[in-house]
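Below you will find one chain, with nothing else, as structure tokens; this is the form predicted on its own, and questions on how it binds or moves follow later.
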Amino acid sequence: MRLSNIKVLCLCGSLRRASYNAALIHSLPHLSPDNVELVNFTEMSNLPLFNPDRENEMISSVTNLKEKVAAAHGLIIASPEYAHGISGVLKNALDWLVSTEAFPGMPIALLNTSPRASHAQEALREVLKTMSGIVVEEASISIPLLGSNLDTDGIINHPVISENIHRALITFNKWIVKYSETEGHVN
């Protein structure tokens, strides 16, 4: 089955209002190929702390997250590094997805807004690998936004940054299409 329209779920690991990661996520629809629909998961702050005893409860934010993952062909994750680790909000969201049948084999692109934030990126790769996600390294990029004072419009209008993001999204799109054709992983 050939994919013509790709649906990608975007997760931001920061709840900060002036987050570079959030600005980056919000810029993606303006920089993506036409056949890619980017869906931003906006309920990160509504997810309760993960508790395996609550996995069978109908928690609307958790149900919504799992449904959006199941409907996606891929994930894009942008998250800050806190104390050399994954942000708590992102780790919590991933914990809710551990038992989700749609997650194994999910193509994932990691966007890093601070090239010096390598510890969290490595920890995130390890968590995603453990969850059987596939980090697409060719589509995972570091964008030097820390200290740039760029907001969403600034990212979109910055010629070098916007081109790098656009190329990464094209690469991710091509990877998802090829993967779906060879592995039959089509949601």
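Note that residue numbering begins at 1 and tracks the sequence as displayed. None of these values were measured; they are calculated from a predicted model.
From this point on, the text means the form predicted together with a small molecule, which you will not see here.
Asks: So, residue 114 and the small molecule: in the predicted complex, are they within 4.5 Å at any heavy atom pair?
Replies: Yes, residue 114 sits close enough to the small molecule in the predicted complex that at least one of its heavy atoms falls within 4.5 Å.
Asks: In the predicted complex, does residue 16 have a heavy atom within 4.5 Å of the small molecule?
Replies: Residue-level check for residue 16: yes, a contact with the small molecule.
Asks: Is residue 173 near the small molecule? Define near as a heavy atom within 4.5 Å, in the predicted complex.
Replies: It does not: once the small molecule is placed as it appears in the predicted complex, residue 173 has no heavy atom within 4.5 Å of it.
Asks: With a cut-off of 4.5 Å between heavy atoms, is residue 71 one of the residues that contacts the small molecule in the predicted complex?
Replies: Contact check for residue 71: no, nothing within 4.5 Å of the small molecule in the predicted complex.
Asks: 21, 80 and 84: each with a heavy atom within 4.5 Å of the small molecule in the predicted complex?
Replies: Contact check passed for all of 21, 80 and 84.
Asks: Only one of these stretches, 132-140, 59-67, 157-165, 114-122, has heavy atoms within 4.5 Å of the small molecule in the predicted complex; which one is it?
Replies: That would be 114-122.
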